[in-house]
Ligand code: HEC
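Okay, so here's just one chain, in structure tokens, the form predicted alone.
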Amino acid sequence: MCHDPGEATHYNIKNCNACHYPHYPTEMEFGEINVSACLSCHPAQGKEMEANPSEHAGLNCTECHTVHREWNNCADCHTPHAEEMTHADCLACHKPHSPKAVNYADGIPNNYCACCHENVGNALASSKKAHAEMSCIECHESEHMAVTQCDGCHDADLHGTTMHERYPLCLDCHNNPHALAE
């Protein structure tokens, strides 16, 4: 009676009382609703999940959002990569609506990376070279699996022109950047 269905897609949804209380409609607890009700107000999240398929996309929104504008902690469903990880740590790399698109900010500790990349973490930790003192994200900037080229940090003529002409690829001699050879 009050909300014209022509004004917004959301007003076409039946069973308003499943989410809204008539006397305080913005305070919502979800009852029996489907994803389309949520996406009628939050289309960007639906598009994000569609563009980045994951198991999250197969869930009903109410599995994570039991109350409007609130959500579960990641560790309620997932085992953290490291024991000390908090919900904020999870969100530093994973977006809830596109969790497989891993992007991270400055300050991610190496042990969070080593949880999934154990061999690399061990090689780096046991190395006596300067790379062992660096954080993973210094070479793998902002996006998971991105790699900074050696000359992004090192002078292209580090060993002299003749050496670089003979061995143009750094990894021909330095087999593993995580545990550099002499």
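Numbers follow the displayed sequence, beginning with 1. Because the structure is a prediction, the values reported are computed rather than measured. So that the term is clear: the rigid core is the largest set of C-alpha atoms that superpose within 1.5 Å between two forms.
Omitted here: the form predicted in complex with the named molecule. The next part is about that form.
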* So, in the predicted complex, is Y167 in contact with the named molecule at a 4.5 angstroms heavy atom limit? -> yes
* **Y21, heavy atom within 4.5 angstroms of the named molecule in the predicted complex** => no
* Answer with yes or no whether S126 is in contact with the named molecule in the predicted complex, where contact means some heavy atom within 4.5 Å. => no
* Does N15 make contact with the named molecule in the predicted complex, using a 4.5 Å heavy atom cut-off? -> yes
* What are the residues of 37 to 56, in order along the chain, with a heavy atom within 4.5 Å of the named molecule in the predicted complex? -> A37, C38, L39, S40, C41, H42, Q45, M49, S54, E55, H56
* Would you say H10 moves its Cα by 2 Å or more between the shown form and the other one, aligning on the core? -> no
